[in-house]
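Given next, in structure tokens, is a single chain: the form predicted on its own.
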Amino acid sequence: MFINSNLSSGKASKMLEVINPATEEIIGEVPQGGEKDSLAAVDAAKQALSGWKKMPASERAAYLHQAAAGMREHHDELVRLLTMEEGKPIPENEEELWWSEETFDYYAELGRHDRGQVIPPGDPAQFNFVMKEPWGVVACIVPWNYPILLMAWKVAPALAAGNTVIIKPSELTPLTTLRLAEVAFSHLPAGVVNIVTGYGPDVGEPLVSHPDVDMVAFTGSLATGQRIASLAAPQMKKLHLELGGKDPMVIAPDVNIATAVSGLAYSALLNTGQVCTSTERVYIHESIYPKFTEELADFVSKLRLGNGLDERTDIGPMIRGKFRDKVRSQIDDALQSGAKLVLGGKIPPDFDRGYFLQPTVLVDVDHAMRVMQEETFGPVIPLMPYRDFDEAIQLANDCQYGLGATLMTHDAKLVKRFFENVQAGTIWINDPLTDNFAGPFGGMKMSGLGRELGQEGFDEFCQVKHVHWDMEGHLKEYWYPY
């Protein structure tokens, strides 16, 4: 673990094995921490808070730029390590590391120019302004699917705003995060960044419940987010929750089918479908539905499964067997309920080891099936036809989640109707799953609370204080006695 700038096993007496999902080989061990480790990390972060929050923003910015530089210096090493523990192909992890490096640089600059604003006073003798202040100690609980990127989206703005942080990586993918302690965080003042490893109930819940943890930033499942909210509620903690998704894609009749097929395959199968904004529901206009289905199946059938370290690989393994089993159960439920399997759906017979699953295309699905309602988080593309655009919007909104949504069209009128009526935090038109450093990311409905990236992502890690200053201090006619 990394507590108060010290790398050690902390108080842990047991170790957690980290497994390569492509080979099922053990590639490392980390401490299986407990409550004592969480308490030590909180104490270190609390002790460091005063000095860090009072540090001039330009100095904090320099520290963040140095963190980004350390990541770049070790870029290739980090990409390889991330591929071994998480499974994504090298090109996808190249992108994850680049985004993470740039995120630290982005928030370094954003944090040095924004402290609040002056607002108009109610009287010429008065001065009114709004200050942005850090919340304090922030627990950043990070998932396994993008362990460095989703850490950066939390830690960079939190540090830029003057908070200190405790990172709790997933027990499945802690190695690259711990390597960052050495190459990207070791130059920071002691206690500003801390990392504790272990299971959620053992180290995560003590962080969420600790009275000296002022904010919890979490990305993960809806169920875990609800658990965090229930633990934090008695203390009225600030929560930042990016939870599940079940993103729709609507394909209009005017599209270039080959282009739309390629975009859909990318948005549904990136990271083997293990993305919170993966396209998991597809609605295609009935006039092009048969041809689109045929071309999609042909395109997907040519994608290559394999170890992410192999440069020929398009799609890597799933993270663990239990997650693959969940996806297969959704496929089986759909088939038993009347869906038809166009492609895939099986464990590839030529892979003796690794948690691989063939990319799957389903047709004749409906909204009574689990595959169209529950988050899948796997390589499954279920297709439904629609008659008119009103029906497409209704289908897109028929879900408890509202993280992202995509429309493929060049019809501007359809675009306007889509982004005005679809309930999702991000709307993509013709370019799914592309983020923008300055564009806020987050969900509606059961997909969570708060936003990452952009000015909004910085402001999540600030609390505001209004200062009303009467410079003359005269007796007021509206004071007592009436």
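Owing to the predicted nature of the structure, the values given are computational and were not obtained by experimental measurement. Residue indices: 1-based, along the sequence shown.
The discussion below concerns the form predicted in complex with a small molecule, not included here.
Chemist: With the partner left out here, check for me: in the predicted bound form, does some heavy atom of F292 sit within 4.5 Å of the small molecule?
Modeler: Output for F292 is no: heavy atoms all beyond 4.5 Å of the small molecule.
Chemist: Can you tell me if Q330 lies within 4.5 angstroms of the small molecule in the predicted bound form, counting non-hydrogen atoms only?
Modeler: Contact with the small molecule, no.
Chemist: Within 4.5 Å, heavy atoms only: does T83 come near the small molecule in the predicted bound form?
Modeler: Contact check for T83: no, nothing within 4.5 Å of the small molecule in the predicted bound form.
Chemist: May I ask you to check whether R179 falls inside a 4.5 Å heavy atom distance of the small molecule in the predicted bound form?
Modeler: Looking in the predicted bound form, residue contacts with the small molecule do not include R179, since no heavy atom lies within 4.5 Å.
Chemist: Any idea which of 115-123, 200-208, 295-303, 157-165 reaches within 4.5 Å of the small molecule in the predicted bound form, heavy atoms considered?
Modeler: Residues of 200-208 come within 4.5 Å of the partner.
Chemist: Could you check which residue among T224, N307, Q358, T409 gets a heavy atom within 4.5 Å of the small molecule in the predicted bound form?
Modeler: Going through each option in turn, the one that passes is T224.
Chemist: Could you spot which one of T103, N93, T219, T279 gets a heavy atom to within 4.5 Å of the small molecule in the predicted bound form?
Modeler: Contact residue from the list: T219.
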